[in-house]
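As a starting point, one isolated chain is supplied in structure tokens, in the form predicted alone.
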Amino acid sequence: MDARTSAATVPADCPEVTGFLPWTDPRFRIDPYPYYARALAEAPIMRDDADGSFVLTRYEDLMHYGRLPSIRIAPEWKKAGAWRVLLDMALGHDEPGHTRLRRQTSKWFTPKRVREWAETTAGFTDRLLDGLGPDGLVDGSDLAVEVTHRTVCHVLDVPADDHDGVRRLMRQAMPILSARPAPRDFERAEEALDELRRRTAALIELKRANPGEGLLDSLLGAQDRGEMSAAEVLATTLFFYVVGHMDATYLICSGLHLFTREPELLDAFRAHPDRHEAFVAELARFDAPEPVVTRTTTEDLVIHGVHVPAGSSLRLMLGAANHDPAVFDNPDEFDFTRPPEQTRNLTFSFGSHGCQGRLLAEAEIRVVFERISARYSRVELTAEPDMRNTDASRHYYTLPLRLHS
């Protein structure tokens, strides 16, 4: 049992989660932050009566309980329907399999390599901006997904065609990760992941016939040396190919949308190149694209006096923790001048399962903003964006913009 607690505190009242976080309420899905604030203040742990899971919101709790050795990730992916495909890559493994698989890709996302990939992102961004008409009209979501998908395909060294098709299939596959997926979501996710697996298998076959020097070539080399199985190569390739654009695309859109609401932020970004990385970190804290991760307990815990049995699912609310007033002053304000101790957001998860592509995503976001701010004085919203969120993932379907010279 967790050393920070004692049996004397068991049991205690544990509120039902939907009284604080109404998973399917459209108002919650569009703007969860007022709901997070109430949960942070009044209910540090909640129980979901629908599935027996427990929900944590506070930063300190996520950092402590989420990193306990007894907290595991693999059992959650086994329950994730079509997403169980990730069981065969690093994200689906606990130790020691996690480290073994992560080592196969980590060298591709070092700071030095990411600087190289950022130059690629800049080239793609410039080409897209060169193609805009004199009216400056562009859909921010289209721009973001094309730039980021092309970049990750460059890293893999595979063709970067049909970014829109990959985005469409991912939009179809993501709702299953909600706390309240609709029955139809399971079938749609199976259809989408089947198609994405087929496309990934075709990329691997193409790569076998046309070897190069990309990440996929490195994975196939590991398979040939007996360091990875064919299933692990497929799952790892699929993950980077289909997920590589997602969080960066959302955060680029979120930032462009923010520039339309607060034009002075674009001026500030342009005026302070030394704060560009801090700006992107604050954007990630401010509006997490995937605001929750799930884990499984393998021992009994007592959290804030509530008995959490072994085998329970924990929903760790990253988006709420990023707005915890115990860590972040004025948490609902965008402030890229925060002191270093207030820049440690959890958007890209934490601990050994922290996002391996974090540096790349942050570089992509920064580069897109740098190229736009260098060419344009203002970003205008020309129509309301179409956002379709669940409690577990946030998506801009459209973001109609005009870029003013």
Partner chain sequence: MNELIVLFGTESGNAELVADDISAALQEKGTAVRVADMEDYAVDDLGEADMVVLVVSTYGEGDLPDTAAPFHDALVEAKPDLSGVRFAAFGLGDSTYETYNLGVATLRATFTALGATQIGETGYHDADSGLNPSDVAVAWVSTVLAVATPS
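Residue numbers count along the first chain shown, from 1. These figures come from a predicted structure and were not determined experimentally.
The form predicted together with the partner chain is left out here; the points below concern that form.
Of the residues given (Thr110, Asn210, Ser218, Ser229), Thr110 alone sits with a heavy atom within 4.5 Å of the partner chain in the model of the complex. This chain appears without its partner; in the model of the complex, the one residue of Arg38, Arg378, Arg67, Arg27 with a heavy atom within 4.5 Å of the partner chain is Arg67.
Taking the partner from elsewhere, Glu95 is found to have a heavy atom lying within 4.5 Å of the partner chain in the model of the complex. When contacts are judged by a 4.5 Å heavy atom cut-off, Thr99 counts as touching the partner chain in the model of the complex. Put simply, Thr337 is far from the partner chain in the model of the complex: not one heavy atom of it is within 4.5 Å. Within this chain, Arg103 lines the site of the partner chain in the model of the complex, having a heavy atom no more than 4.5 Å away.
The partner is not drawn, yet in the model of the complex one stretch among 50 to 58, 339 to 347, 361 to 369, 29 to 37 has residues with heavy atoms inside 4.5 Å of the partner chain: 339 to 347. Using a 4.5 Å cut-off on any heavy atom, the one residue of 115 to 141 that reaches the partner chain in the model of the complex is Arg115.
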